[in-house]
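Next up: the same protein chain in two forms, each one alone, written as structure tokens (structure 1, then structure 2).
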Structure 1
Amino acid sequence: MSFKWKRLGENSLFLIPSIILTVALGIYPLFWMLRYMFYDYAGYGDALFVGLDNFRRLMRDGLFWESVGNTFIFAGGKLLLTLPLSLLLAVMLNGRLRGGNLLRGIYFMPTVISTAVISVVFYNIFNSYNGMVNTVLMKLHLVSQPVDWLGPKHAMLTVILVAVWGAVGNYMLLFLAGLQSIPQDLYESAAIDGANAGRRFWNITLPMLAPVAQMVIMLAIIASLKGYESIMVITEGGPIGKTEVMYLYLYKLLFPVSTGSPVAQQLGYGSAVGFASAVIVGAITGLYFFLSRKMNKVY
């Protein structure tokens, strides 16, 4: 018995670094935010208790609600492109495809590359003056003049495409894991009964993949609603707020992006915005779980 408790104590020592980091970088900042969302605090000087004034200001803050709308547009566009494309690639790579392992690595590679690096590369690719996209389009005579991909009209589409490129490989791998867990006997029996590839996909693959799809869609929803890193590098929320998403607005309140940023550092109000943003993401995720509760059942 003493040996068992000794081993348990020794094994618990390995958890101490993780516990310390979780408390220092996760739990403490959370309670810090919950406290200061009731204060007027700019990060220096004394914090002035203002009660619910920050939330009253939040309800009247047009920039915040505009960022919420932009977040839904960004998340919706990213999900509509990423999920079907990820599933399609997973289905293709699940078969006996020559060079399948190499293709998996290529498609997954954007997931492990730094978001900042990816964003800088795509900023240069979509540059209006000497970007690769405009150069190719003009040489093919598809456009007569350079397209302002980072302008008010196309900026949201551009950042959505960048986000899709960076996310497809991750969800493809999760879908692929789900596909490989489906027993092949089901496909063989269906083929003997005369079911074609479309029928097998619709009646076997999709129902059997539903539990995995529920998890993948949940992860994709959360990541899309919270995503802002590539937008911060490519457009900084511009032009004129067209790509200002919810968590980028929060980031600017806590850490102004540049000296020319129109948003000043406001830790107290930023904490209130962070709490409201978390509530919005949590509510949408909870609604999704309620609507998709039958997906975790395999029939």
Structure 2
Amino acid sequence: MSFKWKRLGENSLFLIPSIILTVALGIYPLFWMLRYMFYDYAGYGDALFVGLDNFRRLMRDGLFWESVGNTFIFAGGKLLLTLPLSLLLAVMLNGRLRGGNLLRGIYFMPTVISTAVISVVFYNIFNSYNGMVNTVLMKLHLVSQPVDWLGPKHAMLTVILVAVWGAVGNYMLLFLAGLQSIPQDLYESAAIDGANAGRRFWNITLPMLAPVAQMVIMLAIIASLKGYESIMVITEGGPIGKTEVMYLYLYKLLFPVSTGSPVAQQLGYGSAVGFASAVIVGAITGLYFFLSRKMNKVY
């Protein structure tokens, strides 16, 4: 009996730090949010119970739904550029290639750099009147006038390009890991049968990669729906709300001071927005998982 108690004591001793931290700083904040989404609470003073009022307001909140639309444009654009590009790079680097390791190292480099810091740099090099991007484009005679990269017309494209820059190396590496688990003899026998590179890619690489790709794409979807750090630094959601995404809109409700936003702090309504945003991300992830379930089978 005492032996059992001793084991239990040892187990608890090792688990307690983890459990305390997870409960206090992970689970408690979630319940805090679930509670305050039914309150009118400014973040100071009294909280007033208002039932479902926050959700009624959410339904009519044009700015929120605009930000949801922007989130889809941002995430869609990022995924459409990132996934094919990273897969292509992975396929090219999968074979024996002179300097392949060096190239891998270079492509992966952006993922070790702080998003906020490199966004400060991007903010400067996309600057319309003295930014390096315009200087280079004009010297190459690709454009005659400086392009207003951070203006209403191109700001979304700019933040998407920055996001792609930061993400390609990561997904390239994940695809590469998947590619390397495909047995090499499949390719050899296909080559003997006379299949060219294109056919081998469609008939062997893609189907064999499907289970890994399913996971990778899911991670990419979640990451692109909830990413807002670089947008916050580069455009702060502007100009005229063109790059305002869901989680950035939420951030501004919670911490208006830091962004110079004119709205007052609204933690009650913010909780409802946070909940709705999490539900949207969860629903899209779930939908993707349902639609892609066939990818899980290896042919």
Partner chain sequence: MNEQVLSQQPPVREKRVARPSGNAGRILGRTVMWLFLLATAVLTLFPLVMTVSGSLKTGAEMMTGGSLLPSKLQFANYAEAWKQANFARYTWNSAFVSIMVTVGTLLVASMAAYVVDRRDFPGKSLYVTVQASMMFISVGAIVLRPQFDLMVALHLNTTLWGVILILVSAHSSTFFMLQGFFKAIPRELDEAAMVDGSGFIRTFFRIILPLLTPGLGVAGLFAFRHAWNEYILPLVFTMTNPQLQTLTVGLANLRYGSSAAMQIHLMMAGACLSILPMLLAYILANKTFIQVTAGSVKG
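Heads up, when I say rigid core I mean the largest set of C-alphas that superpose within 1.5 Å between the two forms. All residue numbers here refer to structure 1's sequence, counted from 1. Computed from a prediction, not measured in an experiment: that's the story for all the values here.
Taken from the form predicted alone is structure 1; the remaining one is not. Taking 2 Å as the criterion, I280 does not count as shifted between the two structures: its C-alpha moves by less than this amount when the rigid core is aligned. Remark: with the core as the superposition reference, the CA shift of L140 between the two structures reaches 2 Å or more. With the core held fixed between the two structures, L291 has its Cα displaced by under 2 Å. For L15, the Cα deviation between the two structures after core superposition amounts to 4.1 Å.
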